[in-house]
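Take a look at this one chain, the form predicted alone, written out in structure tokens.
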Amino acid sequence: MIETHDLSKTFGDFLAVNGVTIHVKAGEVLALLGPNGAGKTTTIRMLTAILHPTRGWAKVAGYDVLLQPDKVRARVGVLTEQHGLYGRMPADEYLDFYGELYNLEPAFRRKRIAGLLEQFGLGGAAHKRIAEFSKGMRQKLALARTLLHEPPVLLLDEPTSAMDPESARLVRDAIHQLRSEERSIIVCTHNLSEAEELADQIAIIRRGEIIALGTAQTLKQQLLGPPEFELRLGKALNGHLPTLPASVEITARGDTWLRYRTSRPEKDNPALLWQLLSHKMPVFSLQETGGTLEEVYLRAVNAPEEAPHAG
């Protein structure tokens, strides 16, 4: 649904995006992470056919962004940091205006607008001027506009920015519901827990280049090593431990707790629990510790850059 190869953009002598290659299948969500100025917004603008690539190519919903820009724009819904909301218009009139731009039939348009306003908790503010909306309400209205024409591709830049926790949860739930076999979503966010919750794939971009790409679990394994687990027991081990698989490495221990790493937790964790329970050792908890997406992100963006190869 979203495919790029060697996608690059220069502004004069400045290389803003360099060789971005990504594939987002229908039904998938990709979180695009990176520091401010890393190239996220420029990448999104190329995917919406607003900016022309300097090198490489991109296809959105099967259409080339350079050769078929009108077809691309008709099939994407875009939420940017600058919403472009018209403060003097009431919310329902604003959405109706955009519905006309998308050539939506009047009856469908009215039904669609009412449904979206209700979905995002704005039904009671439909006739209220947008200038009177809070930041969170404006964000939700901008997201409703993004969804108005039921696009198969969504490009969302900081979708929960400036929202209170309840509104942010509402938007994340909406993104979950929007995931389907006919739709792909790219989310740019600085909220790493949000990225881990929503995304099938995570791409980290630094200085215009994708420096890490994969599932959250894959990136943790690649950048942080095997996951660490903490086991807590209801009584002291008294120096006795069941036989541990060779793949288990103990990293710390106390009278009633144990921390260890394993590269195959799906096998070693059940085996360890079975041994403890067969020795009548009461297990209080077993959980993964550390290995957060924040650690992955910081490790990736702060890693030394490779020196350029000699020509």
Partner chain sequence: MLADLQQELRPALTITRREIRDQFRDWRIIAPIIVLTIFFPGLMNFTARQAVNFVAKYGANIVGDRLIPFLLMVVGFFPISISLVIALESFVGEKERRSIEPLLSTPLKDWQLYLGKLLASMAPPLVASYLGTFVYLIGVYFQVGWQPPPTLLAQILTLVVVQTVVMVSGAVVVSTQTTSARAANLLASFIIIPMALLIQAESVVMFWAQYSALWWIILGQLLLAAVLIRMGIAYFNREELLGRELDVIDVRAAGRTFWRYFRGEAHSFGDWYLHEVPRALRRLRLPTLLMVGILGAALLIGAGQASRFPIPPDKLQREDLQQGTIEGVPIFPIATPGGVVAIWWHNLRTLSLATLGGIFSFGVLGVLVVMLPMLIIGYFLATVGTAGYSPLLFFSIFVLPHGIFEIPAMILAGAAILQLGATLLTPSTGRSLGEAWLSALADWAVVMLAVVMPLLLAAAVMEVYVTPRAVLWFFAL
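Residue numbers count along the first chain shown, from 1. Keep in mind it's a predicted model, so treat the numbers as computed, not measured.
FYI, the form predicted together with its partner chain isn't displayed, but the following is about it.
Original post:
Using a 4.5 Å heavy atom cut-off, which stretch among 275-283, 65-73, 257-265, 24-32 contacts its partner chain in the model of the complex?
Top reply: It is the stretch 65-73.
**OP:** Could you spot which one of V248, A61, A49, A38 gets a heavy atom to within 4.5 Å of its partner chain in the model of the complex?
**Re:** So the residue touching its partner chain in the model of the complex, by this definition, is A49.
Subject >> Candidate from M89, A126, L213, A162 lying within 4.5 Å of its partner chain in the model of the complex - any heavy atom >> reply: Of M89, A126, L213, A162, the residue with a heavy atom within 4.5 Å of its partner chain in the model of the complex is M89.
Original post:
For R145, is any heavy atom within 4.5 Å of its partner chain in the model of the complex, or not?
Top reply: Looking in the model of the complex, residue contacts with its partner chain include R145, since a heavy atom lies within 4.5 Å.
Original post:
Would L117 count as a contact of its partner chain in the model of the complex, using a 4.5 angstroms cut-off between non-hydrogen atoms?
Top reply: No, L117 sits far enough from its partner chain in the model of the complex that none of its heavy atoms falls within 4.5 Å.
Original post:
Just to confirm, E100 within 4.5 Å of its partner chain in the model of the complex by heavy atoms?
Top reply: Yes.
**OP:** Examine V78 and determine whether its closest non-hydrogen atom to its partner chain in the model of the complex is within 4.5 angstroms.
**Re:** Flag for V78 set to yes.
Original post:
Is its partner chain in the model of the complex near all of R138, E150 and S180, within 4.5 Å of a heavy atom of each?
Top reply: Zero of three within 4.5 Å in the model of the complex.
Original post:
Does any residue in 147-176 get within 4.5 Å of its partner chain in the model of the complex, counting heavy atoms only, and if so which ones?
Top reply: Not one residue comes within 4.5 Å of the partner.
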